[in-house]
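Heads up, the chain below is alone and in the form predicted alone; it's given as structure tokens.
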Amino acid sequence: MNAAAERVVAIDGPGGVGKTTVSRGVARALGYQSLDTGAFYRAAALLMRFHRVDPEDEAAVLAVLSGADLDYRDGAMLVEGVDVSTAIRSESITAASSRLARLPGLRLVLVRRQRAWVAARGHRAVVEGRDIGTVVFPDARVKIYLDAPPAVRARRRTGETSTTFREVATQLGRRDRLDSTRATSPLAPAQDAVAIDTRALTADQVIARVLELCRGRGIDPANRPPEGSYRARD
């Protein structure tokens, strides 16, 4: 067991369950940093489009990715030092990232980078994604799986975009199928994850529930490190 990785709080779940909002809220309370691992896959998809690389050509994908500077700072995804946080949220990049995420070699490279990011911060991080508790940090002391019915998730996403409910529901359904059926690191709750159904809960209520679980497992906001002790390092 990786004792350092035990400090990580792993939050998994499909799109539209509130992972990012909850992760950031829990991280603030704990004095941790938060990491959206999905942003790395989206950034990779954006890179492949820029370099006109066929996402099915794993060798070409890895060649581009090997020399790419990807970083995540203060909630922003950077590619070669440029903030691409808005660009990677388009529908086309979302769809492309799900296809890329099926490539085992790409996942291996990005998981290494994500683990290095967390290690550089003393493993005091709330990490969100789709395979955090099962693959990226299987030794995390706190593992959460957020979920909600598809219609609830689609309504939430519709409120965040100008896309219609039907279009959002179709996009989420497609991504759910891709993520849950891929051969490598499919979306699934870890066996020891605590499942939280967010359909009838506010973000603050979910955050409070996660913090309660953290305290019960020895990760206590009262013991948070001094401000600035785990600031991002280049």
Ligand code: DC
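Counting begins at 1, following the sequence as shown. Model, not experiment: these values are computed from the prediction.
FYI, the form predicted in complex with the named molecule isn't displayed, but the following is about it.
For the chain shown alone, Ala101 is a contact residue for the named molecule in the predicted complex, at least one non-hydrogen atom being within 4.5 angstroms. In the predicted complex, none of the heavy atoms of Thr198 sits within 4.5 Å of a heavy atom of the named molecule. The named molecule is not shown here, and in the predicted complex it never comes within 4.5 Å of any heavy atom of Ser34. A residue is said to contact a partner when one of its heavy atoms sits within 4.5 Å of a partner heavy atom; Val126 fails this definition for the named molecule in the predicted complex, lying far away. Taken together, the three residues Lys19, Gly38 and Arg130 all come within 4.5 Å of the named molecule in the predicted complex, as judged by their closest heavy atom.
The chain is drawn here without the named molecule; in the predicted complex, the stretch among 198 to 206, 49 to 57, 66 to 74, 171 to 179 whose residues come within 4.5 Å of it by any heavy atom is 171 to 179. The partner is absent here; in the predicted complex, the one residue of Arg89, Arg121, Arg115, Arg155 having a heavy atom within 4.5 Å of the named molecule is Arg89.
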